[in-house]
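Before any questions on how it binds or moves, here is one chain, the form predicted on its own, in structure tokens.
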């Protein structure tokens, strides 16, 4: 019953958000597009966080997805948005599957630092490669939609709708994964993976799968962000980018799939507001919000839903 209600509620919010696009200012549409694109990376971090792993290198897959879009348009002239998004996700997924054999062997701080190191290796390669724009990066070709080439505000609306569609499919699939056997084993693995191994289940295999899922989601987010921004550069793989995604994950919590999207939108709105109002102190503002979240909402914004349900259950 709750799953069906959540699905219907999410669908209603998706339709409302899509219909609201023509009535919103252009800057708000662009901000929401970036927020919902980044939310896919956060959703991948939630998949890892449920098993007790924190990755400080998700910018690796984010950057791969972005550069896959930019390089394909630059070298081949192919600009179909949907195909490019899928290409970014597949490319990042292949990389995640390759390095996942290594990452799946490590836990806790070792997993976090190794993922960070791999991301910084990509950053160093991009900075030193002049053919890829070096530190300046390069622009992304204007995307098309099945042959249709919108411009200006129409392009922003189409990218926004595409991002919402990809988010909806990703949220549905991740929700189904969480309710599967492999998804339900996240908590037992986090608590005591040795007991899970004694049951004949390969913990490394499950973690490897989660790394691939997080990588694909990161690539999808990077591809959408690259088309929305219209530019790629090595900073997409820098450690501060990964840190921003971890910030949003802590803010959102791992209890609900929708929390990743709400948290990402709240983060982008807060950062834009802080930069506009307090340009010299915006980092301190974000740090204060993170501190308050850890102190009063240690399980993130998603825990507000659980608390509300508990109060409703106790009230009768």
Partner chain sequence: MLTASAILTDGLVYAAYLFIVAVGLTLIFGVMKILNVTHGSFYAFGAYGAATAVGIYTNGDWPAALGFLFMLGFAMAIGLVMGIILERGLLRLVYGKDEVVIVLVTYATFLILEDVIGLVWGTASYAAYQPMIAAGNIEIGDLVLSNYDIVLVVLAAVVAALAYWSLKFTRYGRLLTTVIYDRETAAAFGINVTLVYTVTFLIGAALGALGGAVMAPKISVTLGIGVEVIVLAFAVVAIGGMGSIEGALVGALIVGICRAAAVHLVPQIELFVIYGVMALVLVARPYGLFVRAQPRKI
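Only a predicted model underlies this, so the values are computations on that prediction, with no experimental measurement involved. Numbering follows the first chain given and starts at 1.
The next section is about a form of this same protein that is not shown, the form predicted together with its partner chain.
- Contact with its partner chain in the model of the complex, defined as a heavy atom within 4.5 Å, holds for exactly one of 90, 97, 121, 169, namely 121.
- Put simply, residue 149 is far from its partner chain in the model of the complex: not one heavy atom of it is within 4.5 Å.
- Put simply, residue 198 is close to its partner chain in the model of the complex: some heavy atom of it is within 4.5 Å.
- The closest non-hydrogen atom of residue 155 lies beyond 4.5 Å of its partner chain in the model of the complex.
- When its partner chain is considered in the model of the complex, residue 256 lies well away from it, no heavy atom lying within 4.5 Å.
- Contact annotation: its partner chain lies within 4.5 Å of heavy atoms from the stretch 124-132 in the model of the complex, the single such stretch among 124-132, 77-85, 216-224, 157-165.
- Contact check at 4.5 Å (heavy atoms) against its partner chain in the model of the complex: none of 15, 19 and 301 pass.
- Although its partner chain is not shown here, in the model of the complex the stretch 232-251 places heavy atoms of 238, 239, 240, 243, 244, 246, 250 within 4.5 Å of it, in sequence order.
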